[in-house]
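Following this are structure 1 and structure 2, which are two forms of one protein chain, each written alone as structure tokens.
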Structure 1
Amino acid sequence: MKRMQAVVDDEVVRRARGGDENAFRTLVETHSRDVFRLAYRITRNEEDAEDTVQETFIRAYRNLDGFEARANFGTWLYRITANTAIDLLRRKKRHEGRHTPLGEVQPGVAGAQEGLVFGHQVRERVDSALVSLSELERTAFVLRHCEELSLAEISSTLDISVSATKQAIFRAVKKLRSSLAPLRDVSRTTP
């Protein structure tokens, strides 16, 4: 997915900051689907993603005063989403030593369209590699790879250094690549 598509009217944010509930409602209605998509990519689970969406808007509402007018509302909301999703996953892990069953992962849309066994295999491997990443690795990777945030933006979003951001992304890419490596050896004969 690209960056948040919706161009948020500054006026709406300003009114929401002034305590106008309808303005905040507009923000929720505009951004929910994008927030859900990001939350799902980080949590890999619909229920967790739903919880993240709600928690994100509640946090956003409570912290509207901390939103600087110079910033982009969508980016600010993404920041809250990413951190809320990470918090939720860590909380869950503490509680239940969580492992997402692979069956929960949605089959890839692209793979299904091609209808190729190979495509499905790729999707499956990518999905299980994504699950095996740490929350931080996955979030940093998703923000770079899907949301196309810069390293500097990711580092400020996750409140870690740029070099820690790079390391998280490197580790993610390495794990994803090695999960695909076995398929490469097979596919070399069938381009």
Structure 2
Amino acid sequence: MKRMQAVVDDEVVRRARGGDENAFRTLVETHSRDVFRLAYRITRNEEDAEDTVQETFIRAYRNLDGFEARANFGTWLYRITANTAIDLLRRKKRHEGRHTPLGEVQPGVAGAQEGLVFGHQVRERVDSALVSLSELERTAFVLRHCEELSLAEISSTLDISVSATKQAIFRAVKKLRSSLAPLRDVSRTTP
């Protein structure tokens, strides 16, 4: 399926390079959902993800002539998305100062709502843990464990070596395990 999409993309990219605006619109329609999903997983914010999607396609349009036809368009677009999301996070960090982690989670409500409260606590803790990762670690982790890209694809997308990719993912997993360990302990003691 991916191979077939790549062949279709090649033809559409060729037409878009020739000035066919409908062809570029087709690329946007084809890839916007995947771009948004990746942007959201990196930024953890819907508005930032939407801004990232818009900026990604603007950058892609402006640099379409620089796209090498032998490369996969989707991977090239992921690289732009990841870099755009990271740039946005860095700009926000400079303007807003450091992110303050979410406060400690309140104790759960008794009865049937305990499971819902615990699920909400887990989501909050995961979001907080993801935000605490560096931009590179978060992006590498998301590309590997959410988008299910290979190490070579992630390496190409982030323009780093496979070894650096492995290290970023390893550091991310280690930090996430550490951040989420208290939840694991709580779930073991809960009946």
Partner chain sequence: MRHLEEQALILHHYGEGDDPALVERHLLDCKRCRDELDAIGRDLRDVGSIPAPERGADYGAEVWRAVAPRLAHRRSRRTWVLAAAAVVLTGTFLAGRLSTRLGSDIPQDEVRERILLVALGEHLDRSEVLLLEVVNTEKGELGQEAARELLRASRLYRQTAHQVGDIATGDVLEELERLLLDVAHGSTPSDTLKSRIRDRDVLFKIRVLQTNFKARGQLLAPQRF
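Computed from a predicted structure; not experimentally measured. Only the largest set of C-alpha atoms that superpose within 1.5 Å between the two forms is called the rigid core. For residue numbers, the reference is structure 1: its sequence is counted from 1.
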Just checking, which of these two is the form predicted alone? 2
Take the rigid core as the frame of reference and indicate whether the C-alpha of R59 shifts by 2 Å or more between structures 1 and 2. no
Verify the C-alpha shift of I160 between structures 1 and 2: is it 2 Å or more after superposing the core? yes
With both forms fit on the core, has V28 moved 2 Å or more by CA between structures 1 and 2? no
Angstrom displacement of the CA atom of L149 between structures 1 and 2, core fixed: 2.8
